[in-house]
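Only one chain is given next, in structure tokens, and it is the form predicted on its own.
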């Protein structure tokens, strides 16, 4: 047991040590990449935050949601409403308002959804998200309908008003400053989610996922834990929606539509939902992959669908899971290989 604990500690220390050069590379990106590539990576980091929240349900609780676009959209529309009707310009207030609104919606939806599992849970989450999409689409005099609500970056302020983007030729300044702002929040979310999934709460969620009957016999309050996981998952995704709006500049009902939920599922499966870092890698890779496919062919939805089918059939562990499996086999074969006689 002691050896096992020591091995686990070494594994965790190795992973955090590996994260340091990754953060250094991310910090250096704006210095070497143009505004376009920096913007794409910013989108990737934002959706990685959403993927972290989504994977708390799928990977650690065993619940597949097809309705996470609801929380992405609630966060986005919270910012749009604050800009349109209250003329708020502080990004920090956007985050507070968006997270609060998403927490309320997630809490209410969670009460309904966590009573079910498997396909029933998936369909129910999808149905509830489409209710919000219909509201945003039909109440166009409030939400702007298909025209949407603009959130111009020129009116945005960061760090309590210390950084502004008013005036001409400020696009590059906004892209670089906002990238670092998102990067800090992304790193904080990664650390926070790591602590959550490795806490007693996270271990209990995994126990429920692996054997719900045994967990219930041990006295675990199944519905309460699922509801808390649902709430945390929705808050992370809502935060991603808040961060997405200033970069996109416009909020429309499309952010609430079911393809957005499919996107979140896509890049989580792409990276590998059985690994903590899988959804993060998947979100970043997906954004660059989508940009490349859209520029390559007008049938980009078909191409992405084919890629997803190939992943499910031939790479079920995702990019990270497959890479770890190959590294494990390589290491094992090297350790078991007989030494040559000297």
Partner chain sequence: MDILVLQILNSLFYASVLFLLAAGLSLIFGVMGIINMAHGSLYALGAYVTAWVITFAATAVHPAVLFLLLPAGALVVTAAGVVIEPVLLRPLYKRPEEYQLLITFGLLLVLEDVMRFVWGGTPLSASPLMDALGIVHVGEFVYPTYNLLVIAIGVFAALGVWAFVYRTRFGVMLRATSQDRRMASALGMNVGRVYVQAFGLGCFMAGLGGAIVVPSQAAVLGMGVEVLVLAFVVVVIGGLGSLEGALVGALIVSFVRTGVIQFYEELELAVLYLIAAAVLLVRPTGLFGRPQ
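Numbering follows the first chain given and starts at 1. Just so it is clear, the structure is predicted and the values come from calculations on it, not from any experiment.
This next part talks about the form predicted together with its partner chain, which is not shown.
Of the residues given (164, 150, 138, 173), 138 alone sits with a heavy atom within 4.5 Å of its partner chain in the model of the complex.
Here is the short version: of 83, 124, 101, 189, the single residue with a heavy atom within 4.5 Å of its partner chain in the model of the complex is 124. Among heavy atoms of residue 31, none comes within 4.5 Å of its partner chain in the model of the complex. Looking at residue 179, you'd find every heavy atom of it more than 4.5 angstroms from its partner chain in the model of the complex. Put simply, residue 184 is far from its partner chain in the model of the complex: not one heavy atom of it is within 4.5 Å. In the model of the complex, its partner chain lies farther than 4.5 Å from every heavy atom of residue 91. Remark: of stretches 75-83, 241-249, 110-118, 153-161, the one touching its partner chain in the model of the complex is 110-118 (heavy atom within 4.5 Å). Although its partner chain is omitted here, in the model of the complex all of 131, 257 and 313 have a heavy atom within 4.5 Å of it. The partner is not shown here, but in the model of the complex the stretch 293-317 reaches within 4.5 angstroms of its partner chain through a heavy atom at 298, 299, 300, 301, 302, 304, 305, 306, 308, 309, 312, 313, 316.
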